[in-house]
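One chain is shown next in structure tokens, namely the form predicted alone.
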């Protein structure tokens, strides 16, 4: 951080937050609010005289509340820039000034109570999202007594207590009596690998090795300490991690496979007792400790929803940001020109975070050095003459790649080609066929449906599969040599959002007994939220089919990921069984009612066009 602050080509903006981000790849406009710190950072020499006279004392967040700080303080010892900051929420008041003692003792007159927030606008070509992560709050897990017992602490609080720069200057003590504990327990996976409503199902990656490291630290400083680690599985998969794990066990740390059910406290000694099932020895044993450390997992930043809206990003089911492609573009966001680094994408240790940060910097450098960018070949195109400026395409675009579409000003939609990723949702939602998608045009997809239905249509299931997940899942099923019925005929689209209602109705009208629309999992769409429009579209179609007397279950919607070859097999097997129950008479009835409905719609549309043309062409008076 100090190197970054000293670098001549890096502008380090601390105590600031981004308010808006507009534009697109290579041409972002960023609005930054630089908050008033009420201290001139160019003049302050961090003498600390202001802090000494400040009468306000509040808990120090950096020290996890184990010590206090003043209203004017240094955020943490290694802060860059190394200057003081006045927290106006803690200050007794500066409008009007209620105290002012800090300003009185400042010899350099660098405290300015009239300082205001500054709005700065930046033009950038690329954005790296390195927002980090937050730690799990164990207060909801009452069985571990974190809110009831002072001697139950989190791994973050442990780090501050054992740190040389911590509140006890590295002398490890327990909170109740400030004595060095002799028996310490670590409980793993607190908030991780849990399917309960208060936990998270994923592994937090760093917790096991963090505990191994902490146990070695304790043994180095206090060799007579008895340490027990209660775990589900120890995951030591990194370079040198297994050696550290073995060293920890050789140092005398006891690893017990099993998690405690509940913790009790002795009111007099403040010692903690827990009942634990040892799943290896198949016994239930009582353990007594002086201190219990909860090895809490990591969670996405609590303000990640704000970042997601600023940059129109995707998030996975666990709340972390989703990359463009897990193998081919592991640091790229779905939004062009945006890259990920560190725990913004998923939990990582320091080594992996540095590796990804280097990759993100390299990707950004490639973009900035290119001068020009190569856009996707499958972008959408809008015909301004056909556009009715309804604005639906502007609403549905997950990348904010469409502007205009304003009926009041009659401004037709305009597609920013550099920002368009080619999901095709806009083309599917356009009611006036004004938007087409290169290489996935309506006529091309309709022709594929016609070819499928050309012969033996009663034996086939028309399947629309998204490129990134379902189509890849089908490919995996084939590569894995899984055996399943061959009744499906797959039509690849970039996204399930591209599947227009008329494609499905056309397939039924041509004699398809069943149609399947398949895409990414609902919360894992590679085009941010495009598949949500798929759900709305299919819901409307189910209602329409039911009104026309067609069984809605002949249209199926499934979410299949690229890793779910087995699910593709099960889905195709189930659909083939459903196919056997569709009769020829039922298909003929469907073809008839859909043809009649289409002809009515076309006749109605033709009347509207004639009416519109009649209004536009003035009738010339004859002399």
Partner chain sequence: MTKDENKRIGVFVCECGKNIAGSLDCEAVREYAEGLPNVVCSVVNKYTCAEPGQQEIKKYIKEKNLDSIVVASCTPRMHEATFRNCVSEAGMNPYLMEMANIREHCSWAHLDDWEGATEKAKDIVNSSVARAGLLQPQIETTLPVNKEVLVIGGGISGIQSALDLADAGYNVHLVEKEASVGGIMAALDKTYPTMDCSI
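Just so we're clear, the structure is a prediction, and the values are computed from it rather than from any experiment. We call the rigid core whatever largest set of C-alpha positions still superposes within 1.5 Å between the two forms. Positions refer to the first chain, counted from 1.
There is also a form predicted together with its partner chain; it is not shown, and the following applies to it.
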property	result
One stretch from 514-522, 533-541, 185-193, 341-349 that, in the predicted bound form, holds residues within 4.5 Å of its partner chain by heavy atom	341-349
Residue (of 321, 230, 471, 527) lying close to its partner chain in the predicted bound form, criterion heavy atoms within 4.5 Å	471
The single option of 502, 101, 315, 301 touching its partner chain in the predicted bound form, heavy atom within 4.5 Å	301
Interface membership of residue 432, its partner chain in the predicted bound form, 4.5 Å heavy atom rule	no
is_contact(residue 66, its partner chain) in the predicted bound form, heavy atom dist at most 4.5 Å	no
Interface membership of residue 570, its partner chain in the predicted bound form, 4.5 Å heavy atom rule	no
Residue 441 within 4.5 Å of its partner chain in the predicted bound form, heavy atoms	yes
Triple contact flag 62, 123 and 374 to its partner chain in the predicted bound form, non-hydrogen atom at 4.5 angstroms	yes
Its partner chain in the predicted bound form - contacting residues of 80-104, heavy atom within 4.5 Å	80, 81, 85
Did residue 444 shift 2 Å or more between this form and the one not shown, C-alpha, core superposed	yes
Flag for residue 356, CA shift 2 Å or larger between this form and the one not shown after aligning core	no
Exceeds or equals 2 Å, Cα of residue 484 between this form and the one not shown, core fit	yes
